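Before any questions on how it binds or moves, here is one chain, the form predicted alone, in structure tokens.
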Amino acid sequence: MSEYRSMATIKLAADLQKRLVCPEFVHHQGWVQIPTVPDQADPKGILGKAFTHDGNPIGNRFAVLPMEGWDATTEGKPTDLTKRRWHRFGSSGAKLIWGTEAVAVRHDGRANPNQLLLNETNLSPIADLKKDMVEGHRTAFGTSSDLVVGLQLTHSGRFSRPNRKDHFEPLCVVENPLLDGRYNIQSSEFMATDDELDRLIEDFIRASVRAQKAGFDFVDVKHCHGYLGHEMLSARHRPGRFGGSLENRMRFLREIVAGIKAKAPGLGIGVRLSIFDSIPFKPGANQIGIPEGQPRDYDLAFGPIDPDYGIDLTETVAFLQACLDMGIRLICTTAGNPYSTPHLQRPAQFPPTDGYLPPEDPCIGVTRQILATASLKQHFPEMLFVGSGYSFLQDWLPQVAQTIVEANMVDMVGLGRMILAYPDLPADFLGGKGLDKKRICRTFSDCTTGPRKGMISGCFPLDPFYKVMPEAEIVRSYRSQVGH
């Protein structure tokens, strides 16, 4: 367990405020802290206000982030578990469903043999899945006219495991000695050629056409968390058309976008982006995370963090400017890589079994994402930004969410792990019921430990449906082995 104070013990906003500071921004970015957080959030306030983006009405400021259950069939079709999760997304009360979950554009890009796959055979079942989710929302809230739903499209790149949960079948776009050693692969042996990337671009375009046929409002061309699109942005030393300059490293996205506009006109396009990253971390003394080397010697981070110089968002800004030039105005921010820097991506009190204890107060991790997103929002006020990383705030999530939306630091607050534990948190809060403290995610990381151990994902500690599954007992036993 982390040595840092539990969020459940914080009773005053003033005490929370002292923890919502990030050193990189205090010293190097001009942001000192998050504006004053109130002791209570107003359910009639800004979080419940509707607004319009690109002509689409969006009913409030809550979004559901992509959350896989690793529970599709081996053919990539949804199961009853998938349907239950998506239905709960729809009835959550959030008015933007960002991507629902990562869906592979072809078989070899699946991160798990039970990941959804959008091919022609699976088009109808996935369309029905979306339809049921929207109908659940309409039943719960009377209308779906102000609900926007996207589908996240992905190829898992070096983290592909399409056939066996215990065996990587990577497709790499850049050599990474640190990750190669960690996963016992040689990226040079699995390097995608430019011709292979050309074919993959066509796969993304075909999947986008199918997503439009299935009724989705937009597709997210995934560029985060170490998967292929994200790794592409670090291909500074790759030769050829897809490496070197940022313009070349963005060729993959640019050609996908051009193809979508030609083949699926009218379909919205968004990007979920890891806006900063760092050298991989590993367990050190007492299982606390430490960097695997000197950050300055690591040039494979997009938006690199340097302990002495802060976060360099120069290329992140250039990437977003290029997105804006392509007509992309829908951005979901996240950070790092869940395999190598989970404390950056999902700040937590308790690590998954393949992780490490947090090397910093998880509140710093939350604040880092908030302030980096706010910096980008300042640069691009015309873009809609959905933020991530808020679940560690727990009981204080509505208060902080209200504060940062009011301050125009982000447009919408995305919920990931929290939605698995407490899917109707937005509906409860906006309905004036307050939060049910027994259902709030306490960041036990069991939803990550499950798939890391080859099982489904779900909230095993708090969701009664998952709590009685055999997998729940197995996950609990793994958690006890790592001391939490």
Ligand SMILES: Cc1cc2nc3c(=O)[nH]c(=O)nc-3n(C[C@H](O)[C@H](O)[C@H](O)COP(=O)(O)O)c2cc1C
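All of these numbers come straight from a predicted model, not from anything done at the bench. The first residue of the sequence shown is number 1, and the count goes up from there.
There is another form of the same protein, the form predicted together with the ligand; it is not shown, and what comes next is about it.
Comparing 37-45, 413-421, 426-434, 52-60 against the ligand in the model of the complex, the single stretch with non-hydrogen atoms within 4.5 angstroms of it is 413-421. This chain appears without its partner; in the model of the complex, the one residue of 316, 334, 367, 114 with a heavy atom within 4.5 Å of the ligand is 334.
None of 222, 137, 95, 110 but one reaches within 4.5 angstroms of the ligand in the model of the complex through a heavy atom, and that residue is 222.
Residue 371 falls outside the set of residues with a heavy atom inside 4.5 Å of the ligand in the model of the complex. When contacts are judged by a 4.5 Å heavy atom cut-off, residue 231 does not count as touching the ligand in the model of the complex.
Heavy atoms of residue 86 never reach within 4.5 Å of the ligand in the model of the complex, leaving it off the interface.
Using a 4.5 Å cutoff between non-hydrogen atoms, residue 101 counts as a contact of the ligand in the model of the complex. Of all the residues from 429-465, those having a non-hydrogen atom no more than 4.5 Å from the ligand in the model of the complex are 447, 448, 457.
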